[in-house]
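One chain follows as structure tokens, the form predicted on its own.
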């Protein structure tokens, strides 16, 4: 796997990582509505995780997907100049969660925070969602 840096329409491969794709701040998006940005970013890949690099629950959800053979696109909000605004937009989407990360989108649809992802994994609905989104082929 490789990190991919995406600046507008250009993509450049960088160093190897155990996560899917890390995408840093994208130039030209500062100033756009954070909620619109979340929706746009969430729809660009089969699996999108909004994360904070030091968050243990974020690490756990990234490990879950990578262990299943999924290559999520990961947005590390602590490395994005608009990360705090995106966190607030995620909190609005999630409702009254104390922590806005990790937040997972599959096929552009909001799955939710770690509790919803784990519940879907345990009850057997996560794999069909991943297959439907094209993130798993088995």
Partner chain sequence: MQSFKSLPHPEMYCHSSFFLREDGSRSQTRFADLGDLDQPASAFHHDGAVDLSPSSMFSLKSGNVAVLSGDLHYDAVLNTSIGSVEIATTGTGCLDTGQYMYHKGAAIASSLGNGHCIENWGDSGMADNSQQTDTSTDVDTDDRNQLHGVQHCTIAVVDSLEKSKAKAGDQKTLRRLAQNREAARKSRLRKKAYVQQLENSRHRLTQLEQELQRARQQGIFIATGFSGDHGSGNGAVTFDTDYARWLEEHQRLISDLRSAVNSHMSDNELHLLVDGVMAHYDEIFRLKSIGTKADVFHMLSGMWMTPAERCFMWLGGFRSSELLKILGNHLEPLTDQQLVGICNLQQSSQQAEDALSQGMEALQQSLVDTVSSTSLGPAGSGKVADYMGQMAIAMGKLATLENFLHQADLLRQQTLQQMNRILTTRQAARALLVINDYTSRLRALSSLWLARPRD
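Just so we're clear, the structure is a prediction, and the values are computed from it rather than from any experiment. Numbering follows the first chain given and starts at 1.
Below, we refer to the form predicted together with the partner chain, which is not included among the displayed structures.
Trainee: Out of 35, 64, 41, 94, which one falls within 4.5 Å of the partner chain in the predicted complex, going by heavy atoms?
Mentor: Residue within 4.5 Å of the partner: 64.
Trainee: So which of 67-75, 104-112, 41-49, 85-93 is the stretch with heavy atoms within 4.5 Å of the partner chain in the predicted complex?
Mentor: One stretch meets the cut-off, namely 67-75.
Trainee: May I ask you to check whether residue 129 falls inside a 4.5 Å heavy atom distance of the partner chain in the predicted complex?
Mentor: Residue-level check for residue 129: no, no contact with the partner chain.
Trainee: If you look in the predicted complex, which residues in 110-138 sit within 4.5 Å of the partner chain (heavy atoms)?
Mentor: Residues within 4.5 Å: 114, 115, 118, 119, 121, 122, 123.
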